[in-house]
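In structure tokens, the next block holds one chain alone, the form predicted alone.
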């Protein structure tokens, strides 16, 4: 697997259709982190279950009109937080603006996400290759924002067996994919020991989608 890193150009489009935007989320970093903390305070991170009955290795929460949920019955979206039985926190303006400007920079105008999945990775956790296929609207892209310690992101193809590329994502990096690559397999390799001055030993991933 070829590993791409921050030595690559600040904006790069790969043959697979993935668009990499280095440091794109750093301009309003503090507002983004402040709003993230408010969302997590309102809807705390929790461990979802897989359909096989195993706990996921990452902790999750959501904001927006819809939130991603997973349990032994499967994966999907819900308008209410299953723990509080209340609507998910409203998506902060800083989140919406970041998602829209990143999508536009990648060639996807008029993106209006209604769901933001927040994943918290600890050292030693990972996310296996999977496709985002629980949404209803596949005409809109996926915008994925990395915060905290670095991660090796894998992006493959239509089949799980397609050889993925690897991109080393650092704090503030954004990747966008859509169109023909909208349902391509992707994942995160095991998080290695590291430290970030504001997020300690964790990585936060914000994934913006048009789910409904």
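Numbering follows the first chain given and starts at 1. Rigid core (definition): largest C-alpha set, two forms, superposition within 1.5 Å. As the structure is a prediction and not an experimental result, all values here were calculated from the model.
From this point on, the text means the form predicted together with a small molecule, which you will not see here.
Enquirer: Just one of 95, 88, 111, 121 has a heavy atom within 4.5 angstroms of the small molecule in the predicted bound form, so which one?
Expert: Contact with the small molecule in the predicted bound form is made by 121 alone.
Enquirer: Please determine whether residue 115 contacts the small molecule in the predicted bound form, using a 4.5 Å cut-off between heavy atoms.
Expert: Taking the distances in the predicted bound form, the answer for residue 115 is no, it never comes within 4.5 Å of the small molecule.
Enquirer: With a 4.5 Å heavy atom cut-off, would you call residue 81 a contact of the small molecule in the predicted bound form?
Expert: Flag for residue 81 set to no.
Enquirer: Residue-level question: is residue 142 within 4.5 Å of the small molecule in the predicted bound form, judged on heavy atoms?
Expert: Close contact exists here: in the predicted bound form, residue 142 approaches the small molecule to within 4.5 Å, heavy atoms only.
Enquirer: Would you check, heavy atoms only and a 4.5 Å threshold, whether residue 188 touches the small molecule in the predicted bound form?
Expert: Taking the distances in the predicted bound form, the answer for residue 188 is yes, it comes within 4.5 Å of the small molecule.
Enquirer: Taking the partner as it appears in the predicted bound form, which of 26-34, 176-184, 47-55, 158-166 has residues with heavy atoms within 4.5 Å of the small molecule?
Expert: It is 176-184 that comes within 4.5 Å of the partner.
Enquirer: Indicate whether residue 23 shows a C-alpha shift of 2 Å or more between the shown form and the other one, with the rigid core used for the fit.
Expert: No; that C-alpha moves by less than 2 Å between the shown form and the other one.
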